[in-house]
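Form predicted on its own, single chain, as C-alpha cells, below.
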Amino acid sequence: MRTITLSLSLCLAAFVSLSQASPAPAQETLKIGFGGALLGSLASYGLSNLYGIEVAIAKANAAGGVLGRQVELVKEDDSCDPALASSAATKLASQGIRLILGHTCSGATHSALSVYGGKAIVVSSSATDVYLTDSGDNPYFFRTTPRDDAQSSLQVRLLKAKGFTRVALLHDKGDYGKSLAELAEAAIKADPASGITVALVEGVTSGQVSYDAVVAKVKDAGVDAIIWGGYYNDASKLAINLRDRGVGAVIIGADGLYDERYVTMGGSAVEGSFATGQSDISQSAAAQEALAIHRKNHTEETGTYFFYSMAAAEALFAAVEKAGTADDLDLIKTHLTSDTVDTVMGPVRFDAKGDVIGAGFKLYEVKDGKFVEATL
C-alpha cells in the first residue's frame, strides 16, 4: 500500500511539474490581407507594394506586434486584372480577413472593393482613380497616394509650359487609363486661353504586339504631344512604334508610366518622355532605415510604391492600435480620419472620403536612360 501511495504521489508531482513547465499556447496572429499584382506584366508595381508592407510588418512585429499580436500577411495575386482581383478578394474575405492592404491597380481595386462589400478596411498605396473615393461607394477605402485629377492638372501645366498646342489623348480602355484621358480632356477644355487643341481621343487594346494602327492616326492628326492613360508596358511599345514611323510627339504619362521598366523596355525611343509620379522621399532618415531593412531580405530594387505602401501599413496599424480592436471597422475608420500618424512618408491622415491629406505629385522626365525630376 505504501509503495502504491508513493508512486501515485510521484506521478502527481511529475504531472504538476510538467504542467508548470509547459509553455502557454501561442497567441493567435493578426492576419492582414494583401491583394495586388505579383505576377504578370505589372508585377513590378505589386512587388513594390509588397516590399514596403513587409518592412512595416517587420518593424511592427519587432516592437511587439499590433494589439499584442504578431502580424501575419496573407497574400493573393490579382495581376492587376479585375477578374482576378475578384477572385483574390473572395479568397481573402473567405478567411475572415477584414484588414486589407492593396490593391495595386485602380480597375482591380474597384473590382475587389465590390467583393469586400464594405466588410473590410482597405488601404491602397497606388490606386489613383478619382471614382474610388468620389463615388461614395467605398466608405472603408483609403489611399496614401494622391488622386488622378492632381496628375492631369500637372500634365496640362506641362503642355502650356512647353508650348504644345495639338494633343492626342490615348488610353488603354481600363478604369485607370480611361479616367486619366477624360480628366486630361476636361482640364484642357477648362482652360481655353491655353490654345491647346485635343486633336485625337482614342482607346487602344492593351497587350498588342504593335500599335501601328493608332500611330497612323496620331501621325495624321499632326500632334506635338500625347497624353497616355495606362501603364508602362503598353506605353513603351507605343513609343517604339511612334519612333519607327517618324512621329516625334512627346509622350506624357501618369504614375503608371513612372517605372524604370518603361525606360528599359522602351530604350532610346522613350527619351524625352514625361511622367507624373509620387515624390521621392528616399533620403529621409526613416526612408534610409526602411531601405536597409529591405536590403537584408531582397536584392531587388524597392520600386515606385515602396514607401507609400509602407506608410499605408503604418497608418492602418496605428488606427487598429488606437481602436483597441481589429473588428470594429467604424472605430478604425474614425482613427484613420482623425489621427495624424508619423510614417515613412511623413505625417499621414485621411479626409472623410479616404484620400490622403497633403501628398502630391512631381513631374519627371526621361533623360539619359533614367527618370529625373523636371521643373516647369
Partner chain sequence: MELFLNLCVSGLTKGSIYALIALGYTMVYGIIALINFAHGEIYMIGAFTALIFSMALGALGLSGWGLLLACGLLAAVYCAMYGWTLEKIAYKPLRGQSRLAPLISAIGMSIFLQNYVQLVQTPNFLAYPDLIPPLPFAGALSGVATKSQVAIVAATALSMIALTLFIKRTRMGLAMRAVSQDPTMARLSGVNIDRVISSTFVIGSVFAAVGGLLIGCATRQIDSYQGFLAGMKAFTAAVLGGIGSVPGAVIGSLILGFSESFAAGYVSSDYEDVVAFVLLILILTLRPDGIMGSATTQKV
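Computed from a prediction, not measured in an experiment: that's the story for all the values here. Each form is matched to the other, and the largest set of C-alpha atoms that superpose within 1.5 Å is called the rigid core. Numbering follows the first chain given and starts at 1.
Another form, the form predicted together with its partner chain, is not on view; read the next lines as being about it.
- By the 4.5 Å heavy atom rule, the three marked residues L47, E202 and D220 all count as contacting its partner chain in the model of the complex.
- Contact check for A225: no non-hydrogen atom falls within 4.5 Å of its partner chain in the model of the complex.
- Heavy atoms of H171 reach within 4.5 Å of its partner chain in the model of the complex, making it an interface residue.
- When its partner chain is considered in the model of the complex, G40 lines it closely, a heavy atom lying within 4.5 Å.
- Proximity of V214 to its partner chain in the model of the complex falls within the 4.5 Å heavy atom cutoff.
- Only one of 152-160, 270-278, 283-291, 244-252 places residue heavy atoms within 4.5 angstroms of its partner chain in the model of the complex, namely 244-252.
- For the options V198, V71, A187, I240, the residue carrying a heavy atom within 4.5 angstroms of its partner chain in the model of the complex is I240.
- Relative to the superposed rigid core, G256 undergoes a CA displacement of at least 2 Å between the shown form and the other one.
- When two forms of a protein are overlaid on their rigid core, residues whose CA moves 2 Å or more are considered shifted, and L242 is one of them between the shown form and the other one.
- In the core-superposed comparison between the shown form and the other one, G174 has its Cα shifted by at least 2 Å.
- Cα-Cα spacing of R261 to R295 is reduced in the model of the complex versus the present form (difference of at least 3 Å).
- Expansion of the G207-A89 CA spacing by 3 Å or more is recorded in the model of the complex, set against this form.
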